[in-house]
Structure formats: structure tokens, C-alpha cells
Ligand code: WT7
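Next up: a single chain in C-alpha cells, the form predicted on its own.
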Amino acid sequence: MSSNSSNAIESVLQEQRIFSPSKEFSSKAKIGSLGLYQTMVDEANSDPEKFWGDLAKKELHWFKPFQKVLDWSNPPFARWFEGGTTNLSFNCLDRHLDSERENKTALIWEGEPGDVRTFSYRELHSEVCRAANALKSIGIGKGDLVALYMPMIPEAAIAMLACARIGAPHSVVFGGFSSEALGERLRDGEAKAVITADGGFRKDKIVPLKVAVDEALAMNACPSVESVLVVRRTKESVSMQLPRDHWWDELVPKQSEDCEAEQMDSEDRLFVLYTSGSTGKPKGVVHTTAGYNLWAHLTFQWIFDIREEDVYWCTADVGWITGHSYIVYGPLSNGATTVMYEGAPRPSNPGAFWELIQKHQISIFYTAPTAIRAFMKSGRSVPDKFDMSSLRLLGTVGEPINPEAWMWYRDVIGGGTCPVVDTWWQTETGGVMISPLPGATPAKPGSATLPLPGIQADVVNSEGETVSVNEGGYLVVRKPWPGMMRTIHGDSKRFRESYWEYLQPKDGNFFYFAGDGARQDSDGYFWVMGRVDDVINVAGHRLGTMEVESALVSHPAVSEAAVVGRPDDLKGEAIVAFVSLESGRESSEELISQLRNHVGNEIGAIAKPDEIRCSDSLPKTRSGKIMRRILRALASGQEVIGDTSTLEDRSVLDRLRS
């Protein structure tokens, strides 16, 4: 969206349903009313440094107390909790050992073949210390970057915590990335070591990982990599290059289980996580120790209303920020029981998720709208086979959720009683920014609702001015917060230009631009409309693709939809919709006409798709996100170019072309 384009994004799809927290839930919640939420907001706005400083002192362990809460003298480069020293691994493990939590289950892991491992906080602490000492034994020390390229196994979380323990920043690369993508990240980050596995299990197949590491190191100039540590998972035969390569099960178990946590300065680098942008060089998002720890800790506590007896499961991969903040660091920092699962729903076990909820008595479930829509497509017959009465709270993450998917999730999975927390945030923000608080916030299906205390979000035009109610614009955050990214690795200029100088406010103030379009309704609720790139200009009318997609999915024949624009000589852009139909439905001219009219009724005639293509599935990454870049190329009749290494099923492209 350029600064000289129309600022308004027309948003006329209205959602009238509202679901208030039950009195029973609110009575037990830590934040049990909108009044308490507003009190926290007011405290944060009136004296931000006192608000954040008090929480940091209360919620984290400090080896040395900080002297200054925030240094914002050189915006947009923030420094939080200056002068303090702490350690994220200590906050996640050691501080729980002098309490009843010592023997509490910290981690429940289940492999795709059905193998299960559990770790108490004491046991996890011992494993992390051994892994930390193993890293030291191969020459890894404070400041050395360690790359992780792993399946969803306990050793992935153990390795992350071990790196944090000795002050070695980690860079987790999702195990679905190609060897080329891995090599690019190793080179850019100047990794000194790689931790991987022989392979992992996913959808009844073995995903080779060590082979990809070998290819990345062979074909890419990665002279910084000195060591590779390999976990035996699948028992597949792999090549070991001595003395570079080491087996985890030969090196780690013989180490001491005593490893003192390194005292890290608040602003010491904690991890670099690369965003997989559709074009251009991936951005290495840098997060630092104390601010990230506090934000992951607080947001997990607030949003999931965590209780001592909860069993919590986030279905993400640790290769993404969601896995960092809400599988490992946020839950463990709060002393919670967190679940990791190696597999995914698949034809041989479509009820895998529901089976785990029943088996482990999971009470909080956090997953992606993409997964929910896939479950909708197959109907409720599978989830209805399982007892999920243990659930008390549901969450969504990764992209805006369509209202109908929200309702299905609440009614079918949550039994019509579980609150749904629809969370908006990004890799760059470190943790959730906008979300309902389940004991306080009345929810509207499809809306992320209100910013968390301390987050001053707004919707503005290109000059930084707040737009009118229900007028679309740019989603921004006006004030710094502890979990914010500090820079892009090796490219501070790109950090400044991409996130802080994209808009040019008249008053000259800095604020963070998230790259998303949004609107606020009359209650102040935020409706995220997707990336500003996902806005279509039809004859001068700017339409958010998310709202057209929501209208399509609200039709009973459609399980999933993706909408893109294509050049049109008359209208500027034409709307092209790719839809995946519900099981048993077939494409026909009559159905396509119905869908066009349905969108017209829901939004208006201007939003009717010019073309609708039906398919059994849509092109998605291995993490479940629809690759709209590919759909734009197909809609425009162009060749699909660029990196498609994360595409889960390449045959989808051929079917869509035909």
C-alpha cells in the first residue's frame, strides 16, 4: 500500500455475535473483569516505566537488579532493563526447583508413532545442563550462534534451553526448509554449530534432516560451522563426518548434570529467528534476553489464564516464534505443563489432535485457523469420537480466523462453553499484542478484540493520523514494549526502514508498523484484515481479502478460501478466489454462481469474485500457511517463481493450473 494511494480500506462485512465470559470462568480467572483489565491499561499508559519495571521485578529472577527500565534515546533502537543480569533458562527451570514444582511435569512429549516421554522440572533441568555442558565440550561459548534444524522432539526444547543457559544465541530453522534455505540462514547468522537429527516423522513419512545439513554445508560456503550434533530419532543410516559430527546419545549423557546458568545482560542477544518472506532475503529477527523473557512470560500468563493444574498444548513447531514463546519459554517460565507433538493429523490418523487431548487430559489448546478450517472440511464425525471435556480454553494463532471457523471451533471442539482467544502478533513482536483475556473480554468471532495492557495499538492513515471508526488503515503500535525485536541481524538500516519509517507521520514520531491492515469498530475492537499487500483495489474500492475469504467460508459448501487480485484493464484489479470445498461437494457452474451471489449479499456487489477456482486443497507451507504469492501468479497466468521449498504438496500446483 503506497502512501499516495487511498487510505481507506472498505470494510463492510459486519459481525454481530458476541460471547461474554461465563460468570464461573470469570470468578476463577486472574483477570476476571473488564474493569481490572482497564485498570491495568490505565496504569501502563500513565506510567509505563513503573508498570513494566514492577512486573519485571515481580515476575523474573534477577542475578543483578536493573537500574533503568527503558532507554529510548536512540529510537527505534530500544534498550530494556539496563544494568540487570538474568538468564532465561534459569527462569524456566532453576527457580521452580525450590518449590513443589520440582517434581511437577514440565514437558509431555508424544512422537508420531505413539512413543511418549515425560520430564519433571528436575529431570528437564538435568537434561538441559548435560546438553549445555556438551555444547561447551565442543567449543561453544557465550555469544556463539548455534543453529537448530530439528523435528519436534524433546531434544529441540532441551537444546534451546541449553543454548540460553550458556549464553549462546540460537537460531532455530524449521525442519521443513530445504537445504538451500538452511544454508542461507547458516551463512547469514555465521553459525558456529548445528544441532539436528537423523530425521523425524511427519504424516507417516520420515523427513531426512542430517542429509539436508550435509548438503547445506557442502553446497554453501559456511566456514563458520565447526560442529554438528546429531540426535538419533528415526535410526536411518546417515553419514557422519569426523571430527565435525557428534552423536547426541554418545556425547550428552556422559556430561555432568551441573551447569551454572550464565549471568546475561538484559540486552544480550537471546536468539535470531528468520522470517521466511515471500520475496527478498529472509530477515534475521533479533530478540534479547530480559525483555523477551518478560513478554513471553506475561502474555502466556494473561491470555491463557494459566492455573497450576492445567495441561497446555500449542500445536506449532519450535521452528516458528509461536513454538519459541508458547511451547517452550512462556509455559516453562510460568511453571506450566506443556505438550509437544511430533506428528500431525493425516489420513492414517485424522483424529490425532483429539486423541492427544483425550489421552493427556489437555485443558488449553492453541492452534492455527488453517488447521481448524481443515477439520471443518472433514466434518464433526471425527472429533465427536473423542472425549474432550478436559478442555477449558481454546486459542488461535497465525492469521485472522474467519467467523464461521471461530464458531465451529467453539461449538464442536469447545463444546459451546470454552472461551476462544484469537491472538494477533508476529515474529517481530516476541509475543501476543492483541487478544481477548478469557475471563474479562467479550469476544466477537473473527476479531482479535483489544490490545494487551501496555500495548498502544492504533489504526492510522499514511500520515500517521488515527482513522475513523470502521475505516481501514495501517495497524501500528505507538509505544515500545519489552518483547519488541531489537534489529535485523546485520542490517539495522532495513530494520529502521521496514518497520519504523514505512509511514511518515507529520509529527515526526516513531511508531512500529506491523505490515497489516486493520480497522477498529465502535467498541474499539481490532479486526485484522491481513497484510497490506493483501488488499485489492477494485475500481477505486479497496477491499481486504480477509473479508472476502470470510464471506466465502461462511457458505456451507466452502471449507477454505484464499482470495487474490489480478491485473484488470477496466477495474485495475479483479478478484480471483481459490476455494476448497467441503467433503462431498463438487464444483459446478451453479455452485460458483451461488458463491458469487453469496459474497455479494455478505459484503456488496463490488466484492463479487470475477473468477472462482475450486480445488481439493490449496498450496500451503509445511506450517499450514496458504502461499498467496503462488496463487497471485496462477491467477495472473504467470510462471510461479521464487522459493517453493516450504510447499508441503507440490502436486497442488498442477491441479490448480489445470
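Everything numeric in this text was worked out from a predicted model, so none of it was measured. We number the residues from 1 along the sequence you see.
If you look for the form predicted in complex with the ligand, you will not find it shown, but the lines that follow are about it.
Asker: Please identify, from 555 to 563, 145 to 153, 315 to 323, 195 to 203, the stretch that has a heavy atom within 4.5 Å of the ligand in the predicted complex.
Answerer: Heavy-atom contact with the partner occurs in 315 to 323.
Asker: The ligand isn't shown here, but in the predicted complex which of Lys377, Arg410, Arg531, His360 has a heavy atom within 4.5 Å of it?
Answerer: If I apply the 4.5 Å criterion carefully, the residue I get is Arg531.
Asker: Among the candidate residues Pro208, Gly111, Pro345, Gly398, which is the single one with a non-hydrogen atom no more than 4.5 Å from the ligand in the predicted complex?
Answerer: Exactly one residue meets the criterion: Gly398.
Asker: Even though the partner isn't displayed, in the predicted complex is Asp516 close enough to the ligand, meaning a heavy atom within 4.5 Å?
Answerer: Yes, contact at 4.5 Å.
Asker: Wondering, does Ser120 line up within 4.5 Å of the ligand in the predicted complex on heavy atoms?
Answerer: So Ser120 does not count as contacting the ligand.
Asker: In the predicted complex, is there a heavy atom of the ligand that lies within 4.5 Å of any heavy atom of Glu404, even though the partner is absent here?
Answerer: Flag for Glu404 set to no.
Asker: Using a 4.5 Å heavy atom cut-off, state whether Trp425 contacts the ligand in the predicted complex.
Answerer: Taking the distances in the predicted complex, the answer for Trp425 is yes, it comes within 4.5 Å of the ligand.
Asker: Since the partner is left out here, which residues of 328 to 353 would have a heavy atom within 4.5 Å of the ligand in the predicted complex?
Answerer: Heavy-atom contacts to the ligand in the predicted complex: nothing from 328 to 353.
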